[in-house]
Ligand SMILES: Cc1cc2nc3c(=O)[nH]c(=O)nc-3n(C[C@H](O)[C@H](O)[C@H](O)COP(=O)(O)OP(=O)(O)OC[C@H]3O[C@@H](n4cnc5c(N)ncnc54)[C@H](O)[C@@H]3O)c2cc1C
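Just one chain follows, in the form predicted alone, and it is written as structure tokens.
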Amino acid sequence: MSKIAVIGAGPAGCSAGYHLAKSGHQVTLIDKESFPREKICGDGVSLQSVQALSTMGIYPQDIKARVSEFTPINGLVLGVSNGNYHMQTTPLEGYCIPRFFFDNLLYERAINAGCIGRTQRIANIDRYHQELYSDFDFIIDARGVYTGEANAIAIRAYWIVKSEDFPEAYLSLAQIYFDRSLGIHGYGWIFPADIKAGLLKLNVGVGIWLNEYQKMNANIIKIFDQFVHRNQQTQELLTKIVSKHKPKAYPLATALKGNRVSYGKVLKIGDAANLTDPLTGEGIANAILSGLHVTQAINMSTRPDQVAENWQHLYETCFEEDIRAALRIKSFRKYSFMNNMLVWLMKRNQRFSEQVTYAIVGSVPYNEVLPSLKH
């Protein structure tokens, strides 16, 4: 068995640590912060992420029993800020959970599987090259977006409203809205994050691709405010807010074509490998699965020099086809009228509506939706 350093204890790193330790490897799980620790994000856990988490023996009912904030999500509202939208429910549930709780649960799972935890900041692997390369057979780079190629930016805020002031039909729905103020490919969201004592906590945010953001004459907070005042749903919520938190921004490393994920002993996974969904910004599912597949690459290799090649092959086999399909779908939206047309088609064709919804929540591959968009 091998001695392996996993650098970064987010979902990707914890998944790799869990599977490697379960396989009998000696794993040191290194993170720059001690757990539990805060992380800024949209808080959503998609259906695909729920399925991926089952590979670590983590199920929604177990999480719900352990955390104080947990909201089931069983449908999607997809629309544009002018009020044109479509609602589609799903038979299976995802959920919203603060990353403070979620990441800590994954970290505990990895430690209980046998990983040795270490708190250490390793911003540059090359700086620690001699120590890491002499002490470990392989180095799993799971340091997140800051070591991947950041190509999008998001911002989210928490709003608190009275649950009676929020439509009951929307209490278990994720809302996603296209808006011209966010660029061609940008979107805004409203996620129900928690309901307690008559109060509803909402995660409200926007995501923008950097190549479009750089052309805008405004900072991310101003753009967020523009979306809030243009969108009909957020306009109504503004008049009912009990309290709200200051918006916080964070970068995203969305998927790239032909990405290189292995360099000798160093194997990139999760956001470090740019595995975040290029349409929705959801990164948990591919992060978890990349931890599983990099473990398979190590376990299936008969010689150490095969590992990097096998991980690159598994990355291309397991992720590349869907990434390419997602990027092609993204290219269809290069004209703003396509967003309205997408919603129009969903309203008129139930099967198409289900396909699009299930693709967004991660239970249908994008390459199965792509043919219907071409026709």
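When you see a residue number, it is the position in the sequence shown, counting from 1. Nothing here was measured: the structure is a model prediction, and the numbers come from that model.
Omitted from view is the form predicted in complex with the ligand, to which the following refers.
Is I155 near the ligand? Define near as a heavy atom within 4.5 Å, in the model of the complex. Result yes; I155 sits at the interface with the ligand in the model of the complex.
Considering only heavy atoms, tell me if I63 and the ligand come within 4.5 Å of each other in the model of the complex. Output for I63 is no: heavy atoms all beyond 4.5 Å of the ligand.
Proximity of L327 to the ligand in the model of the complex, heavy atoms at 4.5 Å: Outside the cut-off, so no.
May I ask you to state whether G144 is within 4.5 Å of the ligand in the model of the complex, using heavy atom distances? G144 belongs to the contact set for the ligand.
Is it true that G75, Y170 and I360 each have at least one non-hydrogen atom within 4.5 Å of the ligand in the model of the complex? So, no: the whole triplet misses the ligand.
Which of Y250, F101, F136, Y85 has a heavy atom within 4.5 Å of the ligand in the model of the complex? It is Y250.
Please identify the residue among I284, A174, A110, L267 with any heavy atom within 4.5 Å of the ligand in the model of the complex. Comparing distances to the ligand in the model of the complex, the residue within 4.5 Å is I284.
Just to confirm the contact call: exactly one of 229 to 237, 188 to 196, 212 to 220, 75 to 83 touches the ligand in the model of the complex at a 4.5 Å heavy atom cutoff, so which is it? In short, 188 to 196.
Contacts with the ligand in the model of the complex - residues in 9 to 43 whose heavy atoms fall within 4.5 Å: Heavy-atom contacts within 4.5 Å come from A9, G10, P11, A12, G13, I30, D31, K32, E33, F35, R37, K39, I40, C41, G42, D43.
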